[in-house]
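The form predicted on its own is given below as one chain in C-alpha cells.
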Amino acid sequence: MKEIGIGLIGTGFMGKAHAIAYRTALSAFPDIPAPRLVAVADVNTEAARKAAHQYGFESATSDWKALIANPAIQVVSITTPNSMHKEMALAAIAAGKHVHCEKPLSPTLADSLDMVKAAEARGVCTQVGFNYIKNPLLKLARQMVEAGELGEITGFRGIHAEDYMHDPQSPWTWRIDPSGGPGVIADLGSHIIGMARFLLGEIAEVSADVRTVIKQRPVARGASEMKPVEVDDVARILVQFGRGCGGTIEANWIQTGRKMQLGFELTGEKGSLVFTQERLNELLYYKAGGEARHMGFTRIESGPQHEPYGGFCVAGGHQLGFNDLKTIEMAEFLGGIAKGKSTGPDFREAYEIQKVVEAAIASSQQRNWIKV
C-alpha cells in the first residue's frame, strides 16, 4: 500500500491536530503509506473550505456522510463532539473504512461496545486519540516495568489536571452537555486511566468520589440566564490493579493554574519513575540501593536513543511536542493498516478505559468499592 486516502470530520482543536499529524507523518516515518488528504468535512462550510486550503485537502464539504461515501477515502478521522462519534464511526465502519476517533469513544459504555463489535466484525483497523502514551519516554517507562527494573510495583499516583473550566462564568457548552457523557472523568480522566493501564495493566476495582463543583453556568458569555451543570468537575479514584498493587487517580478541569498536569509517580521495590506532561521530554528515575551520598532521581532526557524521536531530530535535547506525539500516533495507525492490524489504543482498549470510568461513577453514587 503506497498511498492511503484520508477523510477528516471536524476542524476544531483536534481536527487541526489530526491534519498536522497526517501532513507530517511521512516525513518522520518514511516506511508508512503516504497519507493523501482527500476531504475535510465540517458543519460550517466556510470552516471546511478554510481547513482544506490550510492543510492541503483536495476537497471540502459540510456533509460528513458524503465524505464517508467517497471511494478515494480509506481512513476516516472523527474529531467531533462526543455525542456524534457513534453514528459517524458506525457509518464509516459499514462502508469498510478504517476509523480513528477521538476520546472518549462515546457517551455510554453500551454505545462503545456497539462500536467495538461493529469494527471487529467488519475487520477494520481502529484507533482512539490517546496520543500522550505515544511519548518515547512513556514507552521506555513501560519497558522498564516489564523488564523488572523497578522490581515488584508497590504503588501508582496519577493525575490529569487543567484549568480550562475553572471560571464559573465560562458558558455552558457541548463539553458539559450530559448527552455527550460524563464530565472531567471522561474528558481528562480517560487519559490518565489509559496511561495507568498502559504502564501497569488492567484496573480491577475502584472506589471513587466524583463531584460537580460549579453547579450552574451562563448560557452564553456574559449572559444572566444560567443553566444547571449535570456533569462532574473533579474525580478522585482509589484503584486496585489486577497485578496486585494499589494507587490513586485524579481528574480535574477546574485546577486553577494548571494547563497540562498529566503525570504519575510509579513506585517499586527497586526504584521509581516520575513523569509529567508539563516536562514531556523528561523521565525521572530513582534506583534504590546505591551509595547514600549519591542517592536521588536521575533525569532521563529524550533523544534519538528513544525511538521514534530520531525520526524528528537527530540530536538529543531538542525535544518533542504535542503535535509530534500526534504524528507518532497517526504514523503508527497508518503503519498498522498497511500490516492489517490495529496498533492501539483501539476501540477495544477505549471500551476498557470507559469501563473504569463508569465503575468509578457507580462507586461514587453507591459509596463503595466497585469491580471493573
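A residue's number is simply how far along the shown sequence it sits, counting from 1. These numbers were taken from a predicted model, which means no experiment stands behind them.
The next section is about a form of this same protein that is not shown, the form predicted in complex with another copy of the chain.
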| item | value |
| --- | --- |
| Contact stretch among 232-240, 179-187, 195-203, 95-103 - heavy atom within 4.5 Å of another copy of the chain in the model of the complex | 232-240 |
| Listed residue that, although another copy of the chain is not shown, lies within 4.5 Å of it in the model of the complex (heavy atoms), from Met84, Leu113, Cys245, Leu90 | Cys245 |
| Listed residue (Pro228, Gly151, Pro168, Gly290) with a non-hydrogen atom within 4.5 angstroms of another copy of the chain in the model of the complex | Pro168 |
| Glu146: touches another copy of the chain in the model of the complex, heavy atom cutoff 4.5 angstroms | no |
| Any non-hydrogen atom of Leu320 within 4.5 angstroms of another copy of the chain in the model of the complex | yes |
| Heavy atom of Gly311 within 4.5 Å of another copy of the chain in the model of the complex | yes |
| Arg122, heavy atom within 4.5 angstroms of another copy of the chain in the model of the complex | no |
| Interface residues of 294-315 toward another copy of the chain, as seen in the model of the complex [heavy atoms, 4.5 Å] | His294, Met295, Gly296, Phe297, Thr298, Arg299, Ile300, Glu301, Gln305, His306, Gly310, Gly311, Phe312, Cys313, Val314, Ala315 |
